[in-house]
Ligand code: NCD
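Heads up, the chain below is alone and in the form predicted alone; it's given as structure tokens.
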């Protein structure tokens, strides 16, 4: 890694949590991830969800078909856990190199999660299989009990669900996705090396006030929702600490503008197009640019047991204004719009793609 006040050169990063969607949305957003990240853990919450090896293979092909020829990108596929999924499906998919991991969505916790898990004890046979074959479990860590305040659902999940799960399956490799609270940071830091967490750029930049600044701001609505300022600060400290248990996962989750602005707006923030610059801004603000490569390019593959990327990625201190909207084309050949994270804001760092192949990182 090379750093200065004006330039950063790191190994090409990976995104360990992204939603690429399907259809015209996939066609419109896939390159935003693939142009920067060498690999990405792709979420399986489509309609219908990815619950078979065959559906994962077909989805992976659709992802690659959505990219221009010559783009060097590896989508890492995940299985959507349900209470009636066969352990044999996971074992076969993992053995054949199709499933990198499996995703636990508590039922109705987020977008397209209605077929998720209602009773975690009901999937113990799946978790036992994953533990035996060392297949990572990725968790959307929130309870869905309507009596639990939405801002407390991550903390309650850790106490009531995750801690008992790890007691039952101590050798299970677990990633607590898109953490949002001080309690999650402390839990991961105090757990074994089998537990890690991803942190998004938006949870590092905004707290829950962003949802209501100047009116109801649906573009900042995501799940888990942003929390109080003390939690944002804890996340920034964790991400920039250099600790191996924290790594990059954008949770970029695009929705068409019309779906974000509806009377029941969809949860999700589209950040892929400027994610690395957004992270760099945080690390710069925290005086921790020397830890950016570990967070973005080393900790994730190390946890997953994958080789590090050798291609360099360069960022320079050059300001850029993030566009207000990002245009895609619908299945009916109509123009549709997404609003990117940081829309209308100025970021101080820019990725320089033409230096990407300058030389191999030693």
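Numbering follows the first chain given and starts at 1. Everything numeric here is computed off the predicted structure, so don't read it as measured data.
The protein also exists as the form predicted in complex with N-carbamoyl-L-aspartate; that form is not presented, and the subsequent description refers to it.
Using a 4.5 Å heavy atom cutoff, 21, 140 and 268 all lie near N-carbamoyl-L-aspartate in the predicted complex. This chain is displayed without N-carbamoyl-L-aspartate, yet in the predicted complex the stretch 105-113 from 105-113, 156-164, 276-284, 122-130 comes within 4.5 Å of it by heavy atoms. The closest non-hydrogen atom of residue 255 lies within 4.5 Å of N-carbamoyl-L-aspartate in the predicted complex.
In the predicted complex, N-carbamoyl-L-aspartate sits within 4.5 Å of a heavy atom belonging to residue 45. The closest non-hydrogen atom of residue 223 lies within 4.5 Å of N-carbamoyl-L-aspartate in the predicted complex. Within 4.5 Å of some heavy atom of N-carbamoyl-L-aspartate in the predicted complex lies at least one heavy atom of residue 17.
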